[in-house]
Each structure stands twice: as structure tokens, then as C-alpha cells.
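Let's start with one chain on its own, the form predicted alone, as C-alpha cells.
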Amino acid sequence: MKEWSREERYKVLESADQIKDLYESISKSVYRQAYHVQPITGLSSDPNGFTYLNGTWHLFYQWTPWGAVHGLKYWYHVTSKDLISWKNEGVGLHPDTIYDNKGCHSGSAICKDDELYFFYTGNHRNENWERTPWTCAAKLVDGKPVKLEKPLFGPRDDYSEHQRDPKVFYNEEKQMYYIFIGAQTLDLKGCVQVYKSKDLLSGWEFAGQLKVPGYESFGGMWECPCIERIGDTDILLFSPQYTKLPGRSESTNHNVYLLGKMDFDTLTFTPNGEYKHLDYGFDFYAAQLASNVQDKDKAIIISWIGLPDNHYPTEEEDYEGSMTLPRELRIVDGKLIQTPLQEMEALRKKEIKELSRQCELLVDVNDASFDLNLFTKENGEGGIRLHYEEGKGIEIDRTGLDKRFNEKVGEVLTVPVEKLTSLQIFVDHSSIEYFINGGEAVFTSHMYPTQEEMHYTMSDNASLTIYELTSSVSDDFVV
């Protein structure tokens, strides 16, 4: 694995020509995704600025162009008409001011009067590498974000330096804009700062810290906080760091949610139950809910397939990461259900009998135990193994793959499902997403099968249909 110097990681991209050869090399990789958003070069991480405006979905993601390393972050821009087919638009935000001299870090978007505005963390560092996180804004003009001259506000000194990832939204009842900021207290506990303003681009004031009863000491930093109302239920998403959670092996980075009720008078989110994982897989983080979704009974979510501090085999090819499929969230009988968009059916090319690097599997299960082993050797050995026993849940184990990675973080995880009835599985060249029981639970993982690992085995007590899927995401070189 290459050792990156600080100068290499934080080098400014001055011309597309600087990474053209890198792109040409990466584009030949067998692990390039076909229907998932991915970086043209380098590293993609958190989704940013996800919103809908006038028939177009806008999505940005954190991008380091030079290789699979966290360094100087840009916002890379992709667009879609249907959330299925995505087009590369090039860099959206450049780290080119004193306030974001070491990166345009994560943030969100909001629509006002048919105009699109972005809020992000400007990562400033001085000559001693001391950090100052600024909350900055930009407006979409002729397809490109144009930054405001100055930040909206700076950090508070009664919190640690970890104050970032602004989620902006408007509350109709209060006639007020709010920003949630992921933060860390001085005694190193994760939390959310709340700011409010009557005006979108000025007048922001600190309203207080979000109270979440029972979660005062839950994790050491809450990244990417996000709140939305689905029907008559509020959902709070966040990514707690620096903590281990039960059943999650050695991982210290997570993505969880709470269902409950938000009170803006007291800045209190009252959960109506325990936290749950948005996704039970190995590689899922920094989920963001789209703004301006027209149907108030659902939300649209997308996430980074990856985790901070983890490493993946394509690092050797100087790229890493992709986005999950966009998912539809609904509340059914008090439970969160996540499903792939129905439009995904349009990608079905033909029904096939063998496993493919680019396919969808539909499985109906009819027994109290079940096994499905994907990407095995021809003799059925190895692969990524799913084992289910009624009452014990689903265990997914990727130790059998030839290309193993993040072994110390954990390679075996369990999904707490009482009874398994169905699986809808999306395989792209380096990722797999399991939708369990019509979206009751989801499991996302990176995987990098070799040419010898293109087989599968399955219990007899189930039916299986496999569809080959067509490509839907542009991999054009646009900077």
C-alpha cells in the first residue's frame, strides 16, 4: 500500500490533464461499477447536496482526485432525471478560498424559490495544521455552485474542533430555517449543534444543542446528522464515531437512525424506541436524505459504500468507493422500510442462469433454514456466504473470498431478522446490496471476486431468478 505524504494528499488539482492518464488506467479495472455512482479517479466518500429541482436530481460526493486516500476534498457533481441513470457533470465545489483551503467538506442542499443553495463545511488549516471549520454556502448558477463571499458562521469554542456536515432544512410550522451540525463536546461526546435563522443566507444564530434522551453519551462524534419527517413520524439519522456497538465486530464507525418526535421549542428529539442500524452491512456510512422530495410519505436516501479508516483492494488501482443505490424509505406499521426504486426494473436486460458481475437476484425462501453462497469457486467453496436460521437471524460471512480486506475490523456480521421470506440482491462489479423481506433490513458490502469466483450454491428450499442488468451510470471523464 502506498504511503502518502501530506503534500501529495493535499495537492491542488489545477488541470484535468493531471489526472487523465490515471483515469485511462482506472477505467480498465474489472471492478468499475456499472449502475452505481463512482469517482472518475481517486476516492469518493460522503454523498453531499442531494436534492431535486425542476425535473433534475442533483448529487455531489466528496472527492480526492489523486488516489484512494483522504486528502484535499472537492465536491464532484452528478445529475439524473430518474435516480437510475447518472451523468458526470464535473467538479462542483473547489477548495479555493481561505475558508476551505484544505477541503470542501460534507454538507447538504435546499431549494428556495426555484433556486438551489448548498451548505458545506469549509476545512481551514493554518501553518501549524490547526483546524477551523467554517459553515459556508453557495448557490447554483448556470449549473455550477457559486460560493458566497464569506462563511455564514464559524465554530464555537465551547465544543471541540469537530464541528461539520451542515444539514439545512426549513420548518413550516416555525417559519424558520435550521441547520444541524455534527459535533463533539469538549468531553469528547457526540452531539448535534442546532442553528436557526429567518433568512436562508444571513442572520444565523446558535439555538442550542439537540437533546436526545438516552443518547447523551452515545459515541465520540456524530457525523452527518440528518432529520426528516415521513408521514407523521420524524426520523433522525447520524453516524456515531469512536465507539464500538453490540454486534458490529471491531468497527468504530456506524450509521444509525431513531424514529420519534422532534420538538423545535425545546430542541428535543424524543425516540419512540431504541436506535437501529440503517444498514447491517460491512460498508455503509454517511447516509444523506434528499431534500425537496415531493411525496411527504416517503424519503429518498443514498450513502457511501465504504467506511472511514477502512481500506479496499482497488487502492492498488488508485481509486476507491461508490454510492449505494438510492433507496425509498417509508414507515409501515411503525417500522422503517427501505426498498430499491421500482425504476430499477427497467435495467433488467434478460433472465440468466449463471451469476454475473452485473445482475439482480430474486430469492423466495420457504423454510426455517437457508444458505446462499455467492461468488464461490466452481466446486462451491469460498465466496460470500449467507446463512439463515429461524429465530437466530441471518449471518453474512465474506472470509471465503480470495481478496480479503479489513480483516481486523470484521468479516462476519448478523442481521436480526426473525423469519426470512425473500431476498432482492443487487450485484455490481465491486459491491453487493441485500434487501431482506421487502426492505425490512438491508446489508451492503464491498467485494472483489476473481475470475475463478463466478459461481454460486443455494439450498434446495428456495426459488431463484437472476436478471442481467444493463449499465446506467456514465463513466465519462468530466472534470
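All values derive from a computational prediction rather than experimental measurement. Throughout, we count residues from 1 along the sequence that is shown.
Not on display, but discussed next: the form predicted together with a small molecule.
Determine which one of 102 to 110, 81 to 89, 228 to 236, 403 to 411 lies within 4.5 Å of the small molecule in the predicted complex, judging by heavy atom distances; exactly one does.
Partner-contacting stretch among the options: 102 to 110.
In the predicted complex, does each of D46, R164 and C224 have a heavy atom within 4.5 Å of the small molecule?
All of them do, each having a heavy atom within 4.5 Å of the partner.
Just give me the single entry in T51, Q62, T444, Q38 that has a non-hydrogen atom within 4.5 angstroms of the small molecule in the predicted complex.
If I apply the 4.5 Å criterion carefully, the residue I get is Q62.
Give me the residue from F118, F282, Y285, F375 that has a heavy atom within 4.5 Å of the small molecule in the predicted complex.
When the small molecule is considered in the predicted complex, the option within 4.5 Å is Y285.
Does K73 make contact with the small molecule in the predicted complex, using a 4.5 Å heavy atom cut-off?
Judged by the heavy-atom cut-off of 4.5 Å, K73 is in contact with the small molecule in the predicted complex.
Do W304 and the small molecule come within 4.5 Å of each other in the predicted complex, heavy atoms counted?
Heavy-atom contact with the small molecule at 4.5 Å: present for W304.
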